[in-house]
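Single chain ahead, by itself, as C-alpha coordinates, in the form predicted on its own.
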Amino acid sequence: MAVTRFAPSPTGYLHIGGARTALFDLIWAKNTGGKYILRMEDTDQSRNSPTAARQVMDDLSWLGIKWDEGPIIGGPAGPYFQSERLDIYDKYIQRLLTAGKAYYCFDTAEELERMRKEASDKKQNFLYPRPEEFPTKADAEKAKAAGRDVVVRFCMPDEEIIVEDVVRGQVRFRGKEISDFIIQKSDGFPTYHLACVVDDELMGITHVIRGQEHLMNTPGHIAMQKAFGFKTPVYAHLSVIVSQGGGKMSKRERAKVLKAAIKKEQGLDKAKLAAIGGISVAEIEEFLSGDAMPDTPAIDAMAAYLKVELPEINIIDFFKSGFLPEALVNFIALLGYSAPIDKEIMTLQELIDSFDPTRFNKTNCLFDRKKLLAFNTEHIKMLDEDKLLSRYKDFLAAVNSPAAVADDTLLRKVIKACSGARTLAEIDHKSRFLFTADDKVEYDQKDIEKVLLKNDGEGLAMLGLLKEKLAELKEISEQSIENLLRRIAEQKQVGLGKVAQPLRVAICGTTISLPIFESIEMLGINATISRIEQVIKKYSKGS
(Lines give C-alpha, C1' and ligand atoms only; values in the text may rest on other atoms or scores of the structure.)
Protein backbone atom coordinates (compact mmCIF):
# COMPACT_ATOMS: atom_id res chain seq x y z
CA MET A 1 0.00 0.00 0.00
CA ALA A 2 1.62 3.24 -1.17
CA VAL A 3 1.40 6.53 0.71
CA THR A 4 2.33 9.32 -1.68
CA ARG A 5 2.47 13.09 -1.45
CA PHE A 6 2.35 16.01 -3.81
CA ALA A 7 4.31 18.87 -2.28
CA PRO A 8 4.24 22.01 -4.43
CA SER A 9 5.84 25.32 -3.52
CA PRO A 10 2.99 27.87 -3.76
CA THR A 11 5.02 30.51 -5.59
CA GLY A 12 2.93 30.52 -8.77
CA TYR A 13 0.37 28.62 -10.79
CA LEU A 14 0.46 24.83 -11.14
CA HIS A 15 2.34 23.99 -14.34
CA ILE A 16 2.04 20.92 -16.52
CA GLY A 17 5.05 19.13 -15.01
CA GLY A 18 3.73 19.57 -11.50
CA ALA A 19 0.30 18.36 -12.58
CA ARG A 20 1.84 15.17 -14.03
CA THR A 21 3.65 14.53 -10.74
CA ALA A 22 0.45 15.13 -8.78
CA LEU A 23 -1.44 12.79 -11.09
CA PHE A 24 1.00 9.90 -10.70
CA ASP A 25 1.02 10.44 -6.93
CA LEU A 26 -2.74 9.88 -7.03
CA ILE A 27 -2.61 6.97 -9.50
CA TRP A 28 0.08 5.06 -7.57
CA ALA A 29 -1.68 5.53 -4.22
CA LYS A 30 -5.12 4.54 -5.50
CA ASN A 31 -3.80 1.56 -7.49
CA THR A 32 -2.45 0.07 -4.27
CA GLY A 33 -5.36 1.08 -2.05
CA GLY A 34 -3.10 3.61 -0.35
CA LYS A 35 -3.28 7.24 0.62
CA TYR A 36 -2.56 10.50 -1.20
CA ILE A 37 -1.40 13.56 0.76
CA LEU A 38 -1.18 17.19 -0.36
CA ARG A 39 1.48 19.25 1.41
CA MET A 40 2.32 22.90 0.78
CA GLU A 41 6.06 23.55 0.93
CA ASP A 42 5.79 27.25 1.68
CA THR A 43 9.07 27.90 3.51
CA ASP A 44 10.29 30.46 0.94
CA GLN A 45 8.79 33.52 2.57
CA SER A 46 9.94 35.90 -0.17
CA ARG A 47 8.11 34.07 -2.97
CA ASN A 48 5.13 32.30 -1.41
CA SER A 49 1.62 33.50 -2.15
CA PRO A 50 -1.67 32.49 -0.46
CA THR A 51 -3.33 33.20 -3.82
CA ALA A 52 -1.00 30.75 -5.54
CA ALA A 53 -1.69 28.08 -2.90
CA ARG A 54 -5.42 28.50 -3.47
CA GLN A 55 -4.96 28.35 -7.25
CA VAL A 56 -2.89 25.16 -7.00
CA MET A 57 -5.66 23.51 -5.01
CA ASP A 58 -8.31 24.78 -7.44
CA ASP A 59 -6.31 23.43 -10.39
CA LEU A 60 -5.91 20.01 -8.76
CA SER A 61 -9.63 19.89 -7.99
CA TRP A 62 -10.49 20.86 -11.57
CA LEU A 63 -8.30 18.00 -12.84
CA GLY A 64 -10.11 15.59 -10.51
CA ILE A 65 -6.98 15.00 -8.40
CA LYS A 66 -8.44 14.74 -4.90
CA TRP A 67 -6.24 14.37 -1.84
CA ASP A 68 -7.03 12.20 1.19
CA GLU A 69 -5.16 14.41 3.65
CA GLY A 70 -3.98 17.99 3.34
CA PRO A 71 -5.16 21.60 3.38
CA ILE A 72 -8.91 22.13 3.84
CA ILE A 73 -9.47 18.41 4.53
CA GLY A 74 -6.99 18.09 7.40
CA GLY A 75 -5.67 14.80 8.75
CA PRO A 76 -3.64 13.19 11.55
CA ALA A 77 -0.23 14.34 10.20
CA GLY A 78 -1.07 18.05 9.95
CA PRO A 79 -0.56 20.89 9.72
CA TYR A 80 -0.01 20.57 5.97
CA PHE A 81 1.54 23.99 5.38
CA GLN A 82 5.24 23.77 6.23
CA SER A 83 5.25 27.37 7.48
CA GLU A 84 3.05 26.11 10.34
CA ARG A 85 5.52 23.34 11.32
CA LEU A 86 8.58 25.39 12.34
CA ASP A 87 8.68 24.02 15.89
CA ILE A 88 8.89 20.49 14.46
CA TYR A 89 11.79 21.37 12.16
CA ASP A 90 13.64 23.22 14.92
CA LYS A 91 13.60 20.06 17.03
CA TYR A 92 15.12 17.96 14.27
CA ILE A 93 17.73 20.57 13.36
CA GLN A 94 18.78 20.63 17.01
CA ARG A 95 19.12 16.84 16.93
CA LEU A 96 21.61 17.08 14.08
CA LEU A 97 23.53 19.91 15.75
CA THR A 98 23.76 17.97 19.03
CA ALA A 99 24.95 14.85 17.18
CA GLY A 100 27.63 16.80 15.32
CA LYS A 101 25.96 16.08 11.99
CA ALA A 102 25.19 19.73 11.29
CA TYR A 103 26.87 23.00 12.17
CA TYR A 104 26.36 26.76 12.27
CA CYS A 105 28.08 28.98 9.74
CA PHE A 106 27.92 32.71 9.18
CA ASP A 107 29.82 33.61 6.04
CA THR A 108 28.88 36.81 4.25
CA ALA A 109 27.70 36.76 0.64
CA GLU A 110 31.04 38.29 -0.38
CA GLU A 111 33.01 35.58 1.42
CA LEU A 112 30.98 32.83 -0.21
CA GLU A 113 31.40 34.41 -3.63
CA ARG A 114 35.18 34.58 -3.12
CA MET A 115 35.26 30.88 -2.21
CA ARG A 116 33.25 29.99 -5.31
CA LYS A 117 35.54 32.07 -7.52
CA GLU A 118 38.64 30.39 -6.09
CA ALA A 119 37.14 26.97 -6.86
CA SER A 120 36.18 28.12 -10.36
CA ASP A 121 39.69 29.48 -11.02
CA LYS A 122 41.09 26.07 -10.06
CA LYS A 123 38.48 24.43 -12.31
CA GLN A 124 37.01 22.61 -9.31
CA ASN A 125 33.44 22.15 -8.11
CA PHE A 126 32.72 24.34 -5.12
CA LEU A 127 32.56 22.40 -1.85
CA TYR A 128 31.89 24.40 1.28
CA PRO A 129 35.01 24.15 3.50
CA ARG A 130 33.75 22.36 6.60
CA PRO A 131 35.43 23.79 9.71
CA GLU A 132 37.60 21.43 11.78
CA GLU A 133 35.89 22.72 14.91
CA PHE A 134 32.19 23.54 14.66
CA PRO A 135 31.00 26.94 15.93
CA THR A 136 28.99 26.79 19.14
CA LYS A 137 25.53 28.21 19.67
CA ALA A 138 27.20 31.08 21.55
CA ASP A 139 29.38 31.75 18.51
CA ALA A 140 26.28 31.80 16.36
CA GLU A 141 24.50 34.23 18.67
CA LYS A 142 27.56 36.50 18.71
CA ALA A 143 27.71 36.48 14.89
CA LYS A 144 24.02 37.25 14.70
CA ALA A 145 24.41 40.16 17.12
CA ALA A 146 27.18 41.48 14.88
CA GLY A 147 24.73 41.56 11.95
CA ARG A 148 25.86 38.40 10.19
CA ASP A 149 23.42 35.94 8.65
CA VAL A 150 23.57 32.63 10.54
CA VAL A 151 22.60 29.41 8.80
CA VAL A 152 22.91 25.70 9.57
CA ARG A 153 24.60 23.26 7.19
CA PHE A 154 24.30 19.46 7.08
CA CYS A 155 27.48 17.34 7.12
CA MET A 156 27.52 15.18 4.02
CA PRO A 157 29.16 11.79 4.64
CA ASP A 158 32.12 10.77 2.47
CA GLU A 159 30.83 7.34 1.51
CA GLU A 160 29.06 6.43 -1.71
CA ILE A 161 25.30 6.97 -1.75
CA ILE A 162 23.17 4.73 -3.95
CA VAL A 163 19.76 5.89 -5.16
CA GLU A 164 17.50 2.99 -6.11
CA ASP A 165 15.15 4.65 -8.58
CA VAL A 166 12.09 3.04 -10.16
CA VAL A 167 12.61 4.92 -13.43
CA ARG A 168 16.41 5.25 -13.67
CA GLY A 169 17.56 2.13 -11.89
CA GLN A 170 20.57 2.36 -9.60
CA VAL A 171 22.26 5.76 -9.56
CA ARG A 172 25.51 6.20 -7.59
CA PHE A 173 26.83 9.39 -6.00
CA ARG A 174 30.10 10.04 -4.17
CA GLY A 175 29.22 11.76 -0.92
CA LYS A 176 32.55 13.54 -0.66
CA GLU A 177 31.81 15.31 -3.96
CA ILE A 178 28.58 16.83 -2.61
CA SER A 179 28.88 20.07 -0.66
CA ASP A 180 27.49 20.46 2.86
CA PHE A 181 24.15 22.09 2.12
CA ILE A 182 22.07 24.55 4.12
CA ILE A 183 19.19 23.06 6.11
CA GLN A 184 18.15 26.19 8.02
CA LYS A 185 18.18 29.68 6.51
CA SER A 186 19.09 32.89 8.30
CA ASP A 187 15.39 33.74 8.74
CA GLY A 188 14.94 30.60 10.86
CA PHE A 189 12.96 28.74 8.21
CA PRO A 190 14.15 25.30 7.09
CA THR A 191 15.24 24.73 3.52
CA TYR A 192 13.32 22.44 1.22
CA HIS A 193 15.81 19.61 1.91
CA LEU A 194 15.31 19.45 5.68
CA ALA A 195 11.55 20.04 5.70
CA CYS A 196 10.98 17.51 2.92
CA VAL A 197 12.94 14.74 4.69
CA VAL A 198 11.31 15.34 8.08
CA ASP A 199 7.77 15.58 6.71
CA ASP A 200 8.10 12.50 4.52
CA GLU A 201 9.01 10.50 7.63
CA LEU A 202 6.37 11.98 9.93
CA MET A 203 3.63 11.69 7.32
CA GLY A 204 4.51 8.06 6.56
CA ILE A 205 5.39 8.65 2.91
CA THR A 206 6.43 5.38 1.25
CA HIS A 207 6.81 6.54 -2.36
CA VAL A 208 8.27 9.83 -3.63
CA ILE A 209 7.44 10.68 -7.24
CA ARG A 210 8.98 13.84 -8.64
CA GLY A 211 10.67 15.32 -11.69
CA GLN A 212 14.11 14.28 -12.91
CA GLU A 213 15.52 17.67 -11.87
CA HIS A 214 15.20 16.54 -8.23
CA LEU A 215 17.45 13.50 -8.70
CA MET A 216 20.53 15.51 -7.69
CA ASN A 217 18.83 16.38 -4.40
CA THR A 218 18.15 12.76 -3.53
CA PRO A 219 21.61 11.65 -2.25
CA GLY A 220 21.54 14.51 0.26
CA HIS A 221 18.05 13.49 1.35
CA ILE A 222 19.08 9.85 1.77
CA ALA A 223 22.13 10.91 3.78
CA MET A 224 19.89 12.97 6.07
CA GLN A 225 17.43 10.10 6.43
CA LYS A 226 20.28 7.88 7.62
CA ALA A 227 21.50 10.56 10.01
CA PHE A 228 18.04 10.71 11.60
CA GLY A 229 17.46 6.96 11.47
CA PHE A 230 14.50 7.44 9.10
CA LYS A 231 13.24 5.00 6.49
CA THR A 232 14.13 5.73 2.86
CA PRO A 233 11.04 5.83 0.61
CA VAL A 234 10.85 4.40 -2.89
CA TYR A 235 11.94 7.04 -5.41
CA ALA A 236 10.71 7.57 -8.98
CA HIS A 237 12.13 10.53 -10.90
CA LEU A 238 9.98 11.21 -13.96
CA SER A 239 11.42 12.13 -17.34
CA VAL A 240 11.68 15.70 -18.59
CA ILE A 241 8.77 17.11 -20.64
CA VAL A 242 10.07 19.00 -23.66
CA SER A 243 8.24 21.43 -25.94
CA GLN A 244 8.06 21.38 -29.74
CA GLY A 245 11.24 23.47 -29.85
CA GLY A 246 13.17 20.79 -27.95
CA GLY A 247 13.67 22.72 -24.69
CA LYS A 248 12.22 21.83 -21.32
CA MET A 249 8.62 23.00 -20.92
CA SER A 250 8.86 25.92 -18.58
CA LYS A 251 6.84 28.89 -17.40
CA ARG A 252 9.60 31.02 -18.94
CA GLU A 253 8.29 30.09 -22.41
CA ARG A 254 5.32 32.37 -21.89
CA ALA A 255 7.55 35.22 -20.79
CA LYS A 256 9.84 34.73 -23.80
CA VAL A 257 6.93 34.94 -26.24
CA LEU A 258 5.64 38.11 -24.57
CA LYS A 259 9.11 39.67 -24.45
CA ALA A 260 9.59 39.07 -28.19
CA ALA A 261 6.19 40.62 -28.94
CA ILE A 262 6.93 43.74 -26.84
CA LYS A 263 10.30 44.24 -28.55
CA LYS A 264 8.69 43.85 -31.97
CA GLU A 265 5.90 46.36 -31.29
CA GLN A 266 6.62 49.75 -32.86
CA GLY A 267 5.83 52.92 -30.90
CA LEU A 268 4.61 51.01 -27.88
CA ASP A 269 3.43 53.08 -24.93
CA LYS A 270 5.31 51.27 -22.15
CA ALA A 271 3.66 53.30 -19.42
CA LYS A 272 0.23 52.16 -20.59
CA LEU A 273 1.45 48.56 -20.95
CA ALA A 274 2.91 48.63 -17.45
CA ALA A 275 -0.36 49.98 -16.03
CA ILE A 276 -2.30 47.21 -17.77
CA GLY A 277 0.07 44.62 -16.28
CA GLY A 278 -0.08 46.22 -12.84
CA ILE A 279 3.70 46.71 -12.77
CA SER A 280 6.07 49.66 -13.16
CA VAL A 281 7.85 50.87 -16.29
CA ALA A 282 11.12 50.01 -14.54
CA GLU A 283 9.92 46.40 -14.20
CA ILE A 284 9.05 46.36 -17.90
CA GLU A 285 12.57 47.55 -18.74
CA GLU A 286 14.11 44.99 -16.38
CA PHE A 287 11.97 42.29 -17.97
CA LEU A 288 13.11 43.27 -21.48
CA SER A 289 16.78 43.52 -20.63
CA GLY A 290 17.26 40.40 -18.52
CA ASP A 291 15.67 37.27 -17.12
CA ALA A 292 13.38 39.04 -14.67
CA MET A 293 9.77 38.02 -15.15
CA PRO A 294 6.60 39.72 -13.92
CA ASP A 295 3.95 37.65 -12.19
CA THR A 296 1.73 35.48 -14.34
CA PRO A 297 -1.31 37.79 -14.06
CA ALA A 298 0.86 40.60 -15.45
CA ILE A 299 1.99 38.45 -18.36
CA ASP A 300 -1.60 37.46 -19.14
CA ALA A 301 -2.88 41.04 -18.98
CA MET A 302 -0.12 42.45 -21.19
CA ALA A 303 -0.43 39.61 -23.71
CA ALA A 304 -4.19 40.16 -23.95
CA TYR A 305 -3.65 43.88 -24.58
CA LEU A 306 -1.11 43.17 -27.33
CA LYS A 307 -3.30 40.34 -28.71
CA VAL A 308 -0.46 37.86 -28.32
CA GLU A 309 -1.28 34.18 -27.93
CA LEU A 310 0.90 32.64 -25.24
CA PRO A 311 1.71 28.91 -25.12
CA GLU A 312 -0.20 26.99 -22.48
CA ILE A 313 2.14 25.95 -19.66
CA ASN A 314 0.09 26.31 -16.49
CA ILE A 315 -3.06 24.30 -15.84
CA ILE A 316 -5.10 27.51 -15.71
CA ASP A 317 -3.87 28.25 -19.28
CA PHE A 318 -5.27 24.97 -20.57
CA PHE A 319 -8.55 25.60 -18.77
CA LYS A 320 -8.88 29.04 -20.39
CA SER A 321 -7.95 27.57 -23.80
CA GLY A 322 -10.97 25.30 -23.57
CA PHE A 323 -9.42 21.93 -22.76
CA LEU A 324 -11.34 19.39 -20.70
CA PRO A 325 -9.74 18.15 -17.47
CA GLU A 326 -10.51 14.58 -18.52
CA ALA A 327 -8.50 15.06 -21.72
CA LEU A 328 -5.60 16.77 -19.99
CA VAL A 329 -5.37 14.03 -17.35
CA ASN A 330 -5.44 11.36 -20.05
CA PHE A 331 -2.75 13.16 -22.06
CA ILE A 332 -0.27 13.96 -19.28
CA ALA A 333 -0.58 10.42 -17.89
CA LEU A 334 1.02 9.20 -21.13
CA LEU A 335 3.96 11.63 -20.98
CA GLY A 336 6.95 9.45 -20.10
CA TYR A 337 4.70 6.47 -19.38
CA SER A 338 3.43 3.62 -21.58
CA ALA A 339 0.08 2.26 -20.45
CA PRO A 340 -0.15 -1.55 -20.47
CA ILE A 341 -3.54 -1.57 -22.19
CA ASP A 342 -3.98 -1.33 -25.94
CA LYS A 343 -5.64 2.08 -26.21
CA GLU A 344 -4.78 5.72 -25.63
CA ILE A 345 -8.11 7.36 -24.79
CA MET A 346 -8.68 6.44 -21.15
CA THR A 347 -10.52 7.61 -18.07
CA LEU A 348 -8.76 8.33 -14.80
CA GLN A 349 -10.15 5.12 -13.32
CA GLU A 350 -8.75 3.09 -16.22
CA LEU A 351 -5.36 4.72 -15.67
CA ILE A 352 -5.50 3.80 -11.98
CA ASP A 353 -6.64 0.22 -12.55
CA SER A 354 -4.01 -0.53 -15.20
CA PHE A 355 -1.06 1.28 -13.56
CA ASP A 356 2.32 -0.46 -13.80
CA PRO A 357 5.33 1.48 -12.40
CA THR A 358 7.75 -0.54 -14.53
CA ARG A 359 6.40 1.22 -17.63
CA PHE A 360 7.87 4.66 -16.94
CA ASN A 361 10.29 5.82 -19.64
CA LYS A 362 13.74 7.31 -18.98
CA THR A 363 13.95 9.42 -22.11
CA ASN A 364 12.58 12.94 -22.50
CA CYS A 365 8.95 13.07 -23.61
CA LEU A 366 7.49 15.48 -26.17
CA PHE A 367 4.50 17.63 -25.31
CA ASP A 368 2.68 17.18 -28.63
CA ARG A 369 -0.03 19.84 -28.77
CA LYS A 370 -1.64 18.30 -31.87
CA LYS A 371 -2.04 15.05 -29.98
CA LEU A 372 -3.55 16.89 -27.01
CA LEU A 373 -6.08 18.49 -29.36
CA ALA A 374 -6.96 15.04 -30.73
CA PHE A 375 -7.42 13.74 -27.16
CA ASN A 376 -9.60 16.73 -26.29
CA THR A 377 -11.75 16.20 -29.38
CA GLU A 378 -12.39 12.60 -28.34
CA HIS A 379 -13.19 13.49 -24.74
CA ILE A 380 -15.67 16.17 -25.84
CA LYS A 381 -17.45 13.42 -27.80
CA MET A 382 -17.33 11.04 -24.84
CA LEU A 383 -18.64 13.42 -22.18
CA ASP A 384 -22.35 13.15 -21.42
CA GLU A 385 -24.52 16.13 -22.39
CA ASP A 386 -25.06 17.51 -18.88
CA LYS A 387 -21.40 17.22 -17.90
CA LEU A 388 -20.26 18.89 -21.13
CA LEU A 389 -22.71 21.75 -20.57
CA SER A 390 -21.38 22.21 -17.04
CA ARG A 391 -17.77 22.26 -18.31
CA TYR A 392 -18.72 24.75 -21.02
CA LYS A 393 -20.46 27.11 -18.60
CA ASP A 394 -17.42 27.08 -16.27
CA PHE A 395 -15.22 27.92 -19.25
CA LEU A 396 -17.45 30.77 -20.45
CA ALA A 397 -17.43 32.33 -16.98
CA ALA A 398 -13.65 32.04 -16.69
CA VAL A 399 -12.96 33.81 -20.00
CA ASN A 400 -15.71 36.43 -19.48
CA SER A 401 -17.47 35.37 -22.66
CA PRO A 402 -20.69 37.23 -23.55
CA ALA A 403 -22.20 33.76 -23.97
CA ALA A 404 -21.96 33.25 -20.19
CA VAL A 405 -25.37 34.92 -19.77
CA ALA A 406 -27.13 32.54 -22.19
CA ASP A 407 -29.65 30.05 -20.88
CA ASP A 408 -28.99 26.30 -20.89
CA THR A 409 -31.36 25.65 -23.79
CA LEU A 410 -29.45 27.92 -26.15
CA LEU A 411 -26.07 26.67 -24.95
CA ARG A 412 -27.14 23.07 -25.55
CA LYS A 413 -28.09 24.03 -29.12
CA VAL A 414 -24.72 25.72 -29.62
CA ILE A 415 -22.82 22.69 -28.33
CA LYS A 416 -24.84 20.35 -30.52
CA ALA A 417 -24.22 22.55 -33.57
CA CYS A 418 -20.47 22.36 -32.88
CA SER A 419 -20.24 18.58 -33.04
CA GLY A 420 -16.62 17.63 -33.65
CA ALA A 421 -15.18 20.74 -31.98
CA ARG A 422 -11.63 20.35 -30.70
CA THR A 423 -11.91 22.72 -27.73
CA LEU A 424 -14.53 24.62 -25.77
CA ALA A 425 -12.83 27.82 -26.96
CA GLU A 426 -13.60 26.78 -30.55
CA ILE A 427 -17.29 26.43 -29.68
CA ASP A 428 -17.24 29.87 -28.05
CA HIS A 429 -15.39 31.44 -30.97
CA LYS A 430 -17.81 30.04 -33.54
CA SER A 431 -20.88 31.17 -31.61
CA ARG A 432 -19.79 34.59 -30.32
CA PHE A 433 -21.84 36.30 -33.07
CA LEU A 434 -25.02 35.13 -31.32
CA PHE A 435 -24.14 37.19 -28.26
CA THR A 436 -22.82 40.27 -30.03
CA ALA A 437 -24.94 43.36 -30.73
CA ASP A 438 -25.69 43.88 -34.43
CA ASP A 439 -23.67 47.10 -34.58
CA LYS A 440 -20.72 45.53 -32.73
CA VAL A 441 -19.97 42.75 -35.22
CA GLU A 442 -16.31 42.91 -36.31
CA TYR A 443 -15.74 42.06 -39.96
CA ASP A 444 -12.70 40.21 -41.26
CA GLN A 445 -11.50 42.35 -44.16
CA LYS A 446 -10.02 39.37 -46.03
CA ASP A 447 -13.36 37.56 -45.90
CA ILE A 448 -15.19 40.72 -46.98
CA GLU A 449 -12.92 41.03 -50.02
CA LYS A 450 -13.03 37.34 -50.92
CA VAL A 451 -16.70 36.58 -50.28
CA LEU A 452 -18.62 39.83 -50.73
CA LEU A 453 -16.65 42.18 -53.01
CA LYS A 454 -14.98 39.76 -55.41
CA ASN A 455 -16.38 39.50 -58.98
CA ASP A 456 -17.83 43.00 -58.89
CA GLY A 457 -19.74 42.52 -55.62
CA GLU A 458 -21.27 39.15 -56.43
CA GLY A 459 -21.64 38.30 -52.71
CA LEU A 460 -23.32 41.61 -51.90
CA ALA A 461 -25.82 41.05 -54.69
CA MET A 462 -26.62 37.63 -53.21
CA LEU A 463 -27.22 39.27 -49.84
CA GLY A 464 -29.74 41.65 -51.42
CA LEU A 465 -31.72 38.68 -52.73
CA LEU A 466 -31.42 36.78 -49.44
CA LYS A 467 -32.73 39.75 -47.50
CA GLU A 468 -35.95 39.73 -49.54
CA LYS A 469 -36.47 35.97 -49.39
CA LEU A 470 -35.73 35.65 -45.66
CA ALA A 471 -38.25 38.44 -44.93
CA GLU A 472 -40.91 36.41 -46.77
CA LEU A 473 -40.37 33.25 -44.69
CA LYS A 474 -43.49 32.36 -42.74
CA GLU A 475 -42.02 29.51 -40.70
CA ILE A 476 -38.64 29.94 -39.00
CA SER A 477 -36.81 26.67 -38.46
CA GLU A 478 -33.53 25.05 -39.45
CA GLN A 479 -35.39 23.04 -42.10
CA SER A 480 -37.24 25.97 -43.63
CA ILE A 481 -34.02 28.01 -43.78
CA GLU A 482 -32.15 25.11 -45.37
CA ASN A 483 -34.90 24.62 -47.93
CA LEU A 484 -34.81 28.32 -48.83
CA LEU A 485 -31.04 28.51 -49.26
CA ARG A 486 -30.90 25.33 -51.32
CA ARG A 487 -33.75 26.57 -53.50
CA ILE A 488 -31.94 29.86 -54.18
CA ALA A 489 -28.71 28.00 -55.01
CA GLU A 490 -30.59 25.82 -57.46
CA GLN A 491 -32.36 28.77 -59.10
CA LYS A 492 -29.09 30.66 -59.49
CA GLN A 493 -27.31 27.49 -60.59
CA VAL A 494 -24.51 27.92 -58.05
CA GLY A 495 -23.14 25.82 -55.24
CA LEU A 496 -24.66 26.20 -51.79
CA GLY A 497 -21.45 27.91 -50.64
CA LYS A 498 -22.12 30.86 -52.96
CA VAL A 499 -25.33 31.44 -51.00
CA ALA A 500 -24.24 30.45 -47.50
CA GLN A 501 -20.84 32.15 -47.32
CA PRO A 502 -22.05 35.73 -47.98
CA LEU A 503 -24.76 35.17 -45.40
CA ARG A 504 -22.22 33.79 -42.90
CA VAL A 505 -19.92 36.81 -43.32
CA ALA A 506 -22.86 39.19 -42.94
CA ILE A 507 -24.10 37.75 -39.66
CA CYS A 508 -20.79 36.59 -38.12
CA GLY A 509 -18.16 38.88 -39.63
CA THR A 510 -16.15 35.88 -40.79
CA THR A 511 -16.46 32.61 -42.68
CA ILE A 512 -15.91 30.63 -39.46
CA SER A 513 -19.11 29.97 -37.57
CA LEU A 514 -21.71 27.41 -36.64
CA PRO A 515 -23.53 25.64 -39.50
CA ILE A 516 -25.44 28.34 -41.36
CA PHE A 517 -28.96 26.93 -40.98
CA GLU A 518 -28.62 26.63 -37.19
CA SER A 519 -26.90 30.03 -37.07
CA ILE A 520 -29.85 31.86 -38.62
CA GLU A 521 -32.41 29.95 -36.59
CA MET A 522 -30.63 30.78 -33.30
CA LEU A 523 -29.83 34.40 -34.23
CA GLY A 524 -33.36 35.07 -35.45
CA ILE A 525 -34.67 36.44 -38.74
CA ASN A 526 -34.90 40.07 -37.57
CA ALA A 527 -31.26 40.19 -36.44
CA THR A 528 -30.17 38.34 -39.57
CA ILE A 529 -31.89 40.86 -41.83
CA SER A 530 -30.55 43.77 -39.76
CA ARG A 531 -26.98 42.52 -40.19
CA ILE A 532 -27.48 41.96 -43.93
CA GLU A 533 -28.68 45.54 -44.30
CA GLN A 534 -25.73 46.77 -42.25
CA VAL A 535 -23.18 44.99 -44.45
CA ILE A 536 -24.81 46.06 -47.73
CA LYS A 537 -24.83 49.69 -46.56
CA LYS A 538 -21.24 49.56 -45.35
CA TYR A 539 -19.61 47.85 -48.33
CA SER A 540 -21.73 48.80 -51.37
CA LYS A 541 -20.03 51.08 -53.91
CA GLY A 542 -20.62 54.73 -53.25
CA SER A 543 -21.57 54.19 -49.62
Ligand code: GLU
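None of the values given here were measured: they were computed from a predicted structure. The first residue of the shown sequence is 1; numbering continues from there.
The form predicted in complex with the ligand exists for this protein as well; it is not shown, and the discussion that follows is about that form.
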Is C196 close enough to the ligand in the predicted bound form to count, meaning some heavy atom within 4.5 Å?
yes
Give a yes or no for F228: in the predicted bound form, does one of its heavy atoms lie within 4.5 Å of a heavy atom belonging to the ligand?
no
Can you tell me if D59 lies within 4.5 angstroms of the ligand in the predicted bound form, counting non-hydrogen atoms only?
no
Given that the partner is absent here, does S530 sit within 4.5 Å of the ligand in the predicted bound form, heavy atoms only?
no
Work out which of the listed stretches, 207 to 215, 382 to 390, 412 to 420, 315 to 323, brings a heavy atom within 4.5 angstroms of the ligand in the predicted bound form.
207 to 215
Though the ligand is not shown, can you say which of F435, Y192, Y128, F81 has a heavy atom within 4.5 Å of it in the predicted bound form?
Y192
Heavy atom contacts to the ligand in the predicted bound form at 4.5 Å, residues of 7 to 22 in sequence order:
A7, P8, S9
